[in-house]
Structures are given as structure tokens and as C-alpha cells.
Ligand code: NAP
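Quick heads-up: it's one chain on its own, the form predicted on its own, in C-alpha cells.
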């Protein structure tokens, strides 16, 4: 007798709850929380916080919540200025939540409870060494959004640091939906965005070690080189990239009998994680991009070990390859590059300077802050139309801007665009983005008439395609095509024996289903070549 999908899901949920209860029971510390709210004010964020805390209190008596009004002496004691504000274990740590742990941030909240309950930061040895070297106080502000899949990684980085160095490091998690004015004050129009001592130290999610180094130096860092005595992991296949191609390849490689690891420097899922709605993946009429990623990742974790938040910094050819990441070293017989593609930039004046200050490449992450405000979505393909529809549904006043006189998007999406009455600026290109501390206006030109027009806008969202993430491939000598994608044969082999590629980094149709298929093909090619290496075969 086999379980139905519903029964299997219920069984997994029951087991997950049992594990959570067991974890809370074993924690050495109780968790006291103080919630400060405006008495008599119906606030969705305050009520959501109560509901989330109540749900966890049903799992364990170790969690206690006390609520006070903003006029209570406790608010003055803890210097509370905004409501709602939640203090987590305030007698031991300086961690405050300005907003509510909803959506993606529920993951952050759960991890925060475990960290303060155990009193252990769970930082890597490399990160602990960096944090230990901080010789003055650090007050951290992390701007987040419940719709941002990258935010939990950065928020947890900050919480870990606060648990590691109580009395030295304090953290404020600021929900941009709950605190839009504060977000605007800091020009936090893109999340996650991190400040320490009022200095911007990170835009976007950082690996744990890069975050620690940025916090120590009080300036954004992009690379962390680990000590030479880092942990060594030996494996048959090392996959770089945790998108659909990489995750699928991991499943197929392990099922073929190959020990396999996946390394992903950012959030799992790549572009899919920030896609509002996916409507063309077989088996799902309509599904949220992040939900689809969670399904893929959960499946992959049953087979393959995933190292998230690590970045490959060096590859030394050999038998096996010697790979160094920001946390450890690996030895692998084969490497699969599934590094995907990244958002293409228009590269007009003001774009880089105002990135994160009204210029955005992720409507899912940043859209909520623009509710009721005017933005333009630049692009004419499926992604641009989908994101324009998503923004409008969120209450943003959006105008689609396209440099041609027709869209490349599928008819189904164009029809929805028409029904939704989203205005379109045809034959129009941006020539400059204007603003002092945030986007205030754009300069445009008509590609047909050459007429120039200035438009007042609060934000500019780009969805103009992608370019392959080939920096690592270039660094290790992998040949590229004339279009800049990885050059490979029909078996996904590159010019370097033992190194393969799959997914968007190869070019072709940039679809989730094709990337997954290429990952499966590459994994089977690797298996065949491990058994009988093609580079050793006689011609």
C-alpha cells in the first residue's frame, strides 16, 4: 500500500513538528520575547507577530511573550521608538525585529529562536575568527521584506554575529513594508540591504564569511579567502550552482552512484527563486517560483549534500581537481558548471549609482516598497510582462517600457497585460536615471522620432534579459562561444577534460524545464565518463 501525496505531506509535516519540539526541549535556555505595540491600533504586523509567536508557543513552553504599549515604562527602558517592535531574549542579546516574521522571514525567525535558545552562533570557524577580531561595538540594521528569498540568509548572518558577540554586536531587522519611511530614509529600495554603524556594508545577500569581513572592516567586501587549513571534502562530482540544472544534476549523479556535492553562493534556485509566478513547468498549472524552488531543493536534499553560502574562489586542475571555496577545500574527480545567468544591465548613467535606491532587478524582492508609487518596468519579454503584472497586483502604478513596437512575450501574457490596462511606452529607451539619494526621474528617447522626454518616477525595474555567469569558467580556462556562453559538445563536455556545463550558462532556451533536462544529461555524461573516461579512449 502506498501513501497518497496528501498523506505523505501530512506525515512529513508531523515528523517536522516532532523534530522541532525535540529541538526546543533540548535547548539550554528559555526564550523570552517582548512585543511593543500601539494600544488600540489595529496593526496587521503586530497581529501577525502574535500569531507566529503563538504558533511556536504551542510547540514548547520554553517561549514566553510579554506585550507592552508604547507608553509603558518598559518601552522607555529598551528605547523603543517604533511599533511593532519585537525583542528576542533581550536580557542576553541585542536583537530586535521591527515588523513581523511573515513570509520568507518566518525562516529567519525560526533560526533566530534556535540560535538564542542554544546560545551557539553556529558560525563557521573562519567567520568566528573574523568576528573575534572586531574591537568596537557594531550596531547592525538589515532591511528585509517578507517576499524576498535572499533576505533570510543576510538576516541570519547578522543574528549569528549578535549571538557570537553579545554586548558588542546588536541587530535590528527592519521590514520595509512595515517601515517604509525608515527604508526611504536609508534609501533601502532594494533588499536585503545592510548597514553597520550607519555605513552601508552590504547590498544583497552575502556569504557568511564575506558578511563577517564587511562587518569588521565597515565597508562592503566581495571576497573572502579561507585559511589554508580549511576542512577538506572529497567527492566524485562537484556541482557549482544550485539552480534547476545543478539540483537536477545532483539528483541524477547520486542515483548513478556518484558521491556529489552542490555549491551555491546565493539563494538556491537562481532566477526561479525571484520569479513571481511560473506557468509553464510541467505538472503545475501555476506555481510561485520560490515554491517550485523549495520542491526542487527538498527533493535534491534527499540525495545530495548542498553547501549554500559558499563561493568557489580557485580551481587547480589535476586528478582529482583541487577546489577552494570561501569555507573549505574540495577534491573532485569531475566538475559541473551550472552557474546560470545574471540580470543584464542597461549601463546608462545613474543605473549603478542608484542600484538599490530605486533601481531594481527583482520585483519580488523590492516591489512591496513601491506600493502606490510610480515605476517603469523596462523590457519586452515574458519576464518583463510577468513582473509588470505582479507589480500592478501588488498595488504599484507600473508602466511597461519597450524599445521596440511589439513585445516578445507569449500571447497569453500580452492578453493579461491588455486586460490589466497596464500602459506601454513603445519605441522608448532610457538614456539616464536621475536622483540624488534615490530615483526621482528618467530621461528617455524615442527610438523612431528621437524625441527626448523626462518622466518623474519613483523606481526603475529592469527585465531586459540575462548574461551568462562565466567568471569562474574563464578563470579556469574553459572555452567560450562567440556569444560569451560556455562552449560544450553534445555531452555537455567543455574543452577541459573532467569539466562539464549545464543550464543557462550554455545559452539556448532559458527555460526552467530545459535547464533541468540539461542537468540530467550532464550528470549521465559524467557517470559514463567516470566509468570510461573519453580522454583516455583511443581514436
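Residue numbers count along the first chain shown, from 1. In this text the structure is predicted, and so the values were computed from the model without any measurement.
Just so it is clear, the following notes concern the form predicted together with the named molecule, a form of the same protein that is not shown.
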item: Contact flag, residue 379 vs the named molecule in the model of the complex, heavy atom cut 4.5 Å; value: yes
item: In the model of the complex, residue 510 touching the named molecule (heavy atom, 4.5 Å); value: yes
item: The named molecule contact in the model of the complex: residue 339, any heavy atom under 4.5 Å; value: no
item: Contact flag, residue 237 vs the named molecule in the model of the complex, heavy atom cut 4.5 Å; value: no
item: Per-stretch contact check against the named molecule in the model of the complex, the hit in 475 to 483, 64 to 72, 47 to 55, 510 to 518 (non-hydrogen atom, 4.5 angstroms); value: 510 to 518
item: Partner-contacting position among 168, 445, 346, 414 - heavy atom within 4.5 Å of the named molecule in the model of the complex; value: 346
item: Sole residue of 410, 118, 420, 203 within 4.5 Å of the named molecule in the model of the complex, by heavy atom; value: 410
item: Non-hydrogen atom within 4.5 angstroms of the named molecule in the model of the complex for each of 280, 403 and 464; value: yes
